[in-house]
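Before any questions on binding or motion, here is one chain by itself as structure tokens, the form predicted alone.
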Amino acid sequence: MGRIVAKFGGSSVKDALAMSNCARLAVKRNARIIVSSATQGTTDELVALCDLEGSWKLAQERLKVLEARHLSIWEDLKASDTCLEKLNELFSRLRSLCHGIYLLNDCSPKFRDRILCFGELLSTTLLVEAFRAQGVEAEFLDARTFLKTSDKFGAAQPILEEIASHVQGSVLVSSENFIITQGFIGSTLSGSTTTLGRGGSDYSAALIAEAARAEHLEIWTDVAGVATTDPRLCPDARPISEISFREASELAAFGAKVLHPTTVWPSIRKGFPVFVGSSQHPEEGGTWIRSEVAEYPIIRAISVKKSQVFLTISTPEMSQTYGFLAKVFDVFRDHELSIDTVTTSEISIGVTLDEVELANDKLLQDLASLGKIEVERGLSLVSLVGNRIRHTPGLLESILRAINGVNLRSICAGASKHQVCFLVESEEAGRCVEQLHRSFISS
């Protein structure tokens, strides 16, 4: 059997009991490379510390709470004094960095990444002890020694050839012990700490699996795999036993929370399957994501991406001219933003974005230089994901019939054979999902 990489999310390592469950699960499945997130809620606490630029007293209070939480796990694990020394050293360094924010009254993206990395370093220091408590030898490995990235702090891009070289020369592939390392964090070629962005632990695990030439990757979270839709929106949602790479990629990109959108890319490149399951209830099974699956239904699942805006740029100059679209896309490129959907008319272009992106006033200013800007908020992007979608006669008509009476702000179809999506007002999204699920999946 080849190497197995297992990634555990924040809810899977939230306390000593959860960590012990992870250790037993990894040993049972012989997953020798373990990638862990920070304990649940820790990254949010660290982000808050970064934003307390002028309040050292409040920062100290938050640090005490964070320290107490991790020391409680140490105590419950009955971990070693050596582990305690490492935890104290980490908190001492974190405290010094936070004091630096207070003194400078500033936290640059580079400095922020140095602080955010402590969540994963703390959790993996403790997770090693959870394995040793099971009588299993485990080694701690700092991901920054091998996961090399660009210097775009806060959203670093992996340097694949460097990662492959460092992983192949590391204990990840040479040791017979269980190796515990971190998701989310990496370093530049010069050694500066970086992060891959929120949710980047899944991506880290996939990159490690790719570089280590793993047999497969396991993503352990708090739900038993991928479902046909969000069970909170539709009680008829059912588990999916297997799904193709392309379907999973579309689902992740358009709102499914189980996987980070980038996770599937390495598996597509190398062809290794990915399993998604619940660390709390592994007996419930999960979802296998593979290059080839037994069945290819027209509609596999339905996802919802909330907090969307529809941004329209209009100008008569767009009519009968070339280059206008390029200018619009250049603005989004310069601001390093991706667009989910695009629609055009003779004199306007409409795009969907996450609402949080509009906090950037400079983006709107740059777009306003090209034409009149209109922004519609309070929208959700509903996506149907499956197979042969653009080649199935009458499918779009059936979709529209299923949600008759719902005002569709925008429809995007034809670009992908795996997906069709449309914008609706957020209060209509749940009803849309239920009606579509009843028409195309439940029945």
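Computed from a predicted structure; not experimentally measured. From 1 onward, residues are counted along the sequence shown.
The form predicted in complex with a small molecule exists for this protein as well; it is not shown, and the discussion that follows is about that form.
> Taking the small molecule as it sits in the predicted bound form, is Ile299 near enough to touch it, meaning that at least one heavy atom pair lies within 4.5 angstroms?
Judged by the heavy-atom cut-off of 4.5 Å, Ile299 is well away from the small molecule in the predicted bound form.
> So in the predicted bound form, does Asp230 come within 4.5 Å of the small molecule, heavy atom to heavy atom?
Heavy-atom contact with the small molecule at 4.5 Å: present for Asp230.
> Would Val258 count as touching the small molecule in the predicted bound form under a 4.5 Å heavy atom rule?
Flag for Val258 set to yes.
> Answer with yes or no whether Ser11 is in contact with the small molecule in the predicted bound form, where contact means some heavy atom within 4.5 Å.
Because a heavy atom of Ser11 falls inside 4.5 Å of the small molecule in the predicted bound form, the answer is yes.
> Select from the listed residues Gly225, Pro158, Pro266, Gly371 the one whose heavy atoms reach within 4.5 Å of the small molecule in the predicted bound form.
None of the other options qualify; the answer is Gly225.
> State the residue from Thr352, Thr149, Thr221, Thr124 whose non-hydrogen atoms include one within 4.5 Å of the small molecule in the predicted bound form.
Selected option: Thr221.
> Picking from 333-341, 250-258, 81-89, 127-135, which part of the chain touches the small molecule in the predicted bound form when contact means heavy atoms within 4.5 Å?
Flagged stretch: 250-258.
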